[in-house]
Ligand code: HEM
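As structure tokens, one chain now follows by itself in the form predicted alone.
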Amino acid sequence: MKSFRFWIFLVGLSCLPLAGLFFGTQALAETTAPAAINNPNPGIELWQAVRGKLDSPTATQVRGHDSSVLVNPQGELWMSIRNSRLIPQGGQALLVVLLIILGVYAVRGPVKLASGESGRQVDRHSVNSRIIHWLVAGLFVILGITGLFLLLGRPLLIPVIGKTAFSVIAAASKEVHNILGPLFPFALIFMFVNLVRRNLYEKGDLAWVAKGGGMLGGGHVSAGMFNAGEKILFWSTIFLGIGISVTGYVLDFPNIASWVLATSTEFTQYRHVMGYAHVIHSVIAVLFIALAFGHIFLATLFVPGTLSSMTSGKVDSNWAKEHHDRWYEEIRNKSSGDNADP
């Protein structure tokens, strides 16, 4: 096992050159602004009208959003933020999270059961809970992959597969993302209704946080069916899910953006609404994906035996006693009426 962790550590080190790629991309994107021109422009009023700066009447045969604006400065601002901030810094953030995960696993290794597996299984998650979990997880994985293709694919994939192949992947990713995206909030609602009762605060949660789930100070940390870390994950998923769903609906359905434009004085152009929605959507997506990396790591590699609760619905009784002792006592008391192990 130590040899395996050593190779994991080497893999992490080999990923460091990718960090240079993202930092280099950001450095190339940052350019020095040209010096200001002091000579007055005789056509300044004309160009202000072209850019939509004046309240002068305009007429056009083109019909659509912002159709009377010939030069859209909001589009230029969005492009600048996307290319110089979202792409390099979003990629750097995800890479750092992956390196931290690899480092923790290489140094700490998996959390083993002190008494080993008992061979006796106890029920943890019902069929309905597992279906809802994998519905949310499946949609999230598909939307996350297609979203990363659209955000980071251009600088990463074009040098490898070329522009033609990337255009096919990008077009397919966009269609899949737009079709499945509106389903995600409904899956979140199902998850909320199914799990909210078990994810409310209860006595002992603050102690769990203070001890880092047992990583700090040593000793056993008591927990119910869900520990404080899992509750933080649940509520983070709900709130990030609300943010990414609202901004996603704005991007997916133009009528919503038009309504925002009509009801808010802060936005002067349709593109202004879409640009803000895209930036917020991308930032939340990066945070959401980073959170998912941690969740997958904890459930598969760091705490062995956890994944079976979402595959078979059962966990080993020793796993239940060591990680969720209060919940284990609860199900024991509900068993056959005596104090024997379920």
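What you see is a predicted model; the values in this text were computed from it and never measured. Numbering starts at 1 and follows the sequence shown.
Keep in mind the form predicted in complex with this ligand is missing from the figure; the text below concerns it.
This ligand is not drawn, but in the model of the complex it has a heavy atom within 4.5 Å of G181.
V315 falls outside the set of residues with a heavy atom inside 4.5 Å of this ligand in the model of the complex. The closest non-hydrogen atom of R85 lies beyond 4.5 Å of this ligand in the model of the complex. Although the partner is absent here, L251 is a contact residue: one of its heavy atoms lies within 4.5 angstroms of this ligand in the model of the complex. Here the chain stands by itself, but in the model of the complex one stretch of 102-110, 171-179, 205-213, 117-125, 171-179, has heavy atoms within 4.5 Å of this ligand. Listed residues Q89, S245, N194, N72 were compared with this ligand in the model of the complex; S245 is the one with a heavy atom within 4.5 Å.
None of V221, L151, L135, L98 but one reaches within 4.5 angstroms of this ligand in the model of the complex through a heavy atom, and that residue is L151. In the model of the complex, this ligand lies within 4.5 angstroms of at least one heavy atom of each of the following residues of 139-160: F140, L143, G144, G147, L148, L150, L151, in sequence order.
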